[in-house]
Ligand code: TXA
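Listed next as structure tokens is one chain, alone, in the form predicted alone.
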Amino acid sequence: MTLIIDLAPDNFNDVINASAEIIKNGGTVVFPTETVYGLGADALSSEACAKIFRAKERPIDNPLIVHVSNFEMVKQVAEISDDLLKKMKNIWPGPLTLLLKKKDIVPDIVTSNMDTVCVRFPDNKIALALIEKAGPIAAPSANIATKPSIVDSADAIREFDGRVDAIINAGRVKYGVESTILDVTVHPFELLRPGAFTLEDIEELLGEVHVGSVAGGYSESSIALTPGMKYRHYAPSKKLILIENNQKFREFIQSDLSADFVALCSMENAQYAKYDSLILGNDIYEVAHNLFYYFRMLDSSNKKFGVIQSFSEKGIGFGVMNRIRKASYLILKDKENIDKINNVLNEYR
């Protein structure tokens, strides 16, 4: 049985205490962060962390992120220079995860037998209070492997009831896309996954950053140094097609061929949709907030496919486009491919 713990204004401490006891006793708890919901267990227990992999049906070579609630806890689980730690005091708590050399105290299952560990100091009062009570918590996003991350506790309950020990029922999260992951074991630092903390802000605070093709969402790494690098992620069950050319996207959603599709788009483009559409938002932060939520709405619709537009890759948009590309079954970018869309889609019917 999964315990559903409803959070209310007058029971915050009771919720935290009950959830922390479950984690300290080797159990698993789904809890909110500022980015998405996480599925947490004691980061220093191999047995507890193994439950995360089973609950998520997650490949064992896909490492977890260790969540901390203070700077002493960072030093407990990872090697970090005094200079970098000082800079991070201007950033943490926040949605930026660092890849660091791990301490021996961190079990190999957490890091997929690598000598590095992802460390995150979240900016969410529920998460911070839970970590402070329970100690370091290993927590990937709370979703079955490859499915869209969960941004609303109602979806967490539907997906994980019976799979975990407890779920904190706390509504919607703030950002809607996962944390940014930065490899600080190399120089210059390398962006491994864009997310809620923008590349522009990282470079302003930490200096120049190398950005590879994996971060853009165009390719996968042969080795998963961090979550989101190796495996197809974030995808709805229904096939999602990304049309990166905005004019071609508008033409398609105006056509009869789009009858089998739900169009996921901006309010500006929704006016062109001949059939069903889901308006992701008026600005890129609304798009980020709604993206995974609407991926799940697509799956619950009576349409066969989804089609989604591209967005500016400035700021949080870089993370949004990374998620969209990784979720897409087919990406149509150049004119030649878009002209062949009828033939391509007919093959997948």
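This one's a predicted model, so the numbers in the text were calculated from it and none came from an experiment. Quick note: we count residues from 1 along the sequence shown, nothing fancier.
The following text describes the form predicted in complex with ligand TXA, which does not appear among the structures shown.
Only one of 263 to 271, 237 to 245, 179 to 187, 199 to 207 places residue heavy atoms within 4.5 angstroms of ligand TXA in the predicted complex, namely 179 to 187. Contact with ligand TXA in the predicted complex holds for none of Pro148, Ser153 and Arg296, as no heavy atom of theirs lies within 4.5 Å. Taking the partner from elsewhere, Gly38 is found to have a heavy atom lying within 4.5 Å of ligand TXA in the predicted complex. Taking the partner from elsewhere, Ser258 is found to have every heavy atom lying beyond 4.5 Å of ligand TXA in the predicted complex.
With a 4.5 Å cutoff on heavy atoms, Gly306 does not count as touching ligand TXA in the predicted complex; it lies far away. A residue is said to contact a partner when one of its heavy atoms sits within 4.5 Å of a partner heavy atom; Ile316 fails this definition for ligand TXA in the predicted complex, lying far away.
Between ligand TXA and the residues Ile65, Val287, Cys49, Ile324, the one pair within 4.5 Å by heavy atoms in the predicted complex involves Ile65. Heavy atoms closer than or equal to 4.5 Å to ligand TXA in the predicted complex belong, across 115 to 130, to the residues Thr116, Val117, Cys118, Arg120, ordered by sequence position.
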